[in-house]
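Alright, here's a single protein chain in two forms, structure 1 and structure 2, each given by itself as structure tokens.
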Structure 1
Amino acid sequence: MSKGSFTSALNMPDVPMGKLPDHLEVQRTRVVCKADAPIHTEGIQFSGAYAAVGVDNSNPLDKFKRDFKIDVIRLTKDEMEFDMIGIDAAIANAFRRILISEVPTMTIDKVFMVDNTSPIVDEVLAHRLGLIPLDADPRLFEYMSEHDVPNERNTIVYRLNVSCEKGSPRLTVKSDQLEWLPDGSKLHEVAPSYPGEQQKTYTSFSGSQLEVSRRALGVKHKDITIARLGPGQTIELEAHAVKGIGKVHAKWSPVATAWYRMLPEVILLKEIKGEEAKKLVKKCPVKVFDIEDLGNGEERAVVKSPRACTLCRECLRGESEEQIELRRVRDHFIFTIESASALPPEVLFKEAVEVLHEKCDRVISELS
């Protein structure tokens, strides 16, 4: 090098242009979980954070479209597990919150008590009825405002009329004893003044609700215990279900739970052999590690099921902390939905996407 000349640090061989050093790439894309606490929990949001080494940290729409994908891992009638890859934690959390509190469902909201001599007081009985999942598609119904009249488009009517005869054993009242009334309420607002008088009921159905749903609107689970009646006790009531969201009351939440976690990544920093390998396998309660036979009587520990890791960090206790590194992939989320409504989990997720889409449209329209 001639006198007076210099070489920029950015042009040095150990600083590759267009690629981050390994430790910075881990910091940008992973959350590292140490024995005492996680590190690198804050994401690097600034698009020009790594511009000095020629790395673009922005996330343009074209890149998002190319990288984002959903892989369904498990799908049953009421539960779905899937991977969301290439997405920010804020968006994943938005889906979770929308599923819990903004996807509508049909739930019993008003209960008209005619007779209740059971051990359960009216308020507790009404609360129990409100928590029974109904087998009714909310997309077929409209929201009911404070001034709307209950009709076949916004209200579902059920009747419960059970008695335990004197001298009989105790009677268990189950949810399948709720009878759907497709023609609306049968209760009169006032008692008739003479026999045969046409009285106004609590609903104003213009036709049968079968024209709306095309099938019976019962309950999702038929074996939920509502009450237990002793001899001579009776429950007679009428329950009205309306459309609502969990933000108003938890009984309208369509999911039992909706949650996510970042994809676990388990890295062996050095080979663990012999008795140490066996101790490591025994340490893990969810069997993340396994033993690989190398021949000649040698064995070593390998990572068998990293996805099963619950981050209990039991494997990091003792001398293993310098041998193992636990990470979470920052943009890879394992999402689980457990449906408690008439809609299957995959439909609930689509409805959540529609809700988020509507929110985005609203923001754009307000800003334009």
Structure 2
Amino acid sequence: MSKGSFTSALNMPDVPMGKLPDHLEVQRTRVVCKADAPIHTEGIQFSGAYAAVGVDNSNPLDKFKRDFKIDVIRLTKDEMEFDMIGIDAAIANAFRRILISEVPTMTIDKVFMVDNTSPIVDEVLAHRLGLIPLDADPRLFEYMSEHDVPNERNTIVYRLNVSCEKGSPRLTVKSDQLEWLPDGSKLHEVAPSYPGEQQKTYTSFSGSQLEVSRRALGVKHKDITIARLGPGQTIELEAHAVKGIGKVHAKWSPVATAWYRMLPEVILLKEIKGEEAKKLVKKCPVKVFDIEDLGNGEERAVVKSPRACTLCRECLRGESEEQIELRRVRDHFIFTIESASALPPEVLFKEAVEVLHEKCDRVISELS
């Protein structure tokens, strides 16, 4: 076959009907990463895309249920990695987007400054407080809407009251000095006219918050520096935390980040032997390739750990370009979640799926 001519897929000698020819199957299930740019990046979603060759491209619910798989790779208190296999990028991406911006957390939103003579100005201090992850389960609390009164079901009150004595060395204020007030705010809206007069505070708790939270609340990390106080300086404030989502402000985002990558696949198109194989192994910074001893003094390159491939495409540079193909599996996602909130990552993911479920239900009920 001379260069430039091509054969139609249907004229190829062994194209069985009901099965896609190899090059189309690759296009359907893989993203191929060429030296300069990836190709076939957009997935083919339409169910009838291959109807002409008698192939059904749909992924109905029962097929999805049969093929979908999750493998947990790593799971710690704050981080998890798992493989999600057999799902479309549209839905995997929905989970990622929801994790970052729509799973609720409790975060400090209002700060009542009583005294602040620290070098950090009020608004910066308030912002720093907002970014501190609190150890409070958001599922136990309710959202506070505009006209709601702050109560034990929608507001958590923390107090910070520290001062540095005159003549003592500088003092570092850490996050564990935020003290939880289970009975609500202790600040009065109006100053009492005589000592001991009962004035309305900024919250109206009907009882101890312990009944809602079932355990003492605090901060997730006890060693976050809030401010440094010099001799004679004081911070006295009350911080009110409410439930919110990352879409409104990133401080409510429950994850440090959540991301996925598609499973890399490295294919050796030709056998690479001897010196060339050694060169290839040395070229790869993440050690994807290895040498296999063929016995009779011959060695050839093999793909050892394709999962490690970062797609730097170093192996495609120079002569080896035609020998290697880098691909990514379109429906295999390596999902990583780093939790930065009270909830562990596996609970966050379940919450995210629940959010998408609720979105569907909401629209269904709107339509009927």
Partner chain sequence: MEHGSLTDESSSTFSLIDEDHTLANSVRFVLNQDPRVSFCGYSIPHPSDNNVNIRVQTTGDSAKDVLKDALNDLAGRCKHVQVTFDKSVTGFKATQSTNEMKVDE
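Quick caveat: nothing in here was measured; it's all calculated off a predicted structure. Structure 1 provides the reference sequence; residues are numbered from 1 along it. By rigid core we mean the largest C-alpha set that fits within 1.5 Å across both forms.
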Which depiction, structure 1 or structure 2, is to be taken as the form predicted on its own?
1
Comparing between structure 1 and structure 2 on the rigid core: C-alpha of residue 296 shifted by 2 Å or more?
yes
Superposing on the core, what C-alpha displacement does residue 363 show between structure 1 and structure 2, in angstrom?
2.5
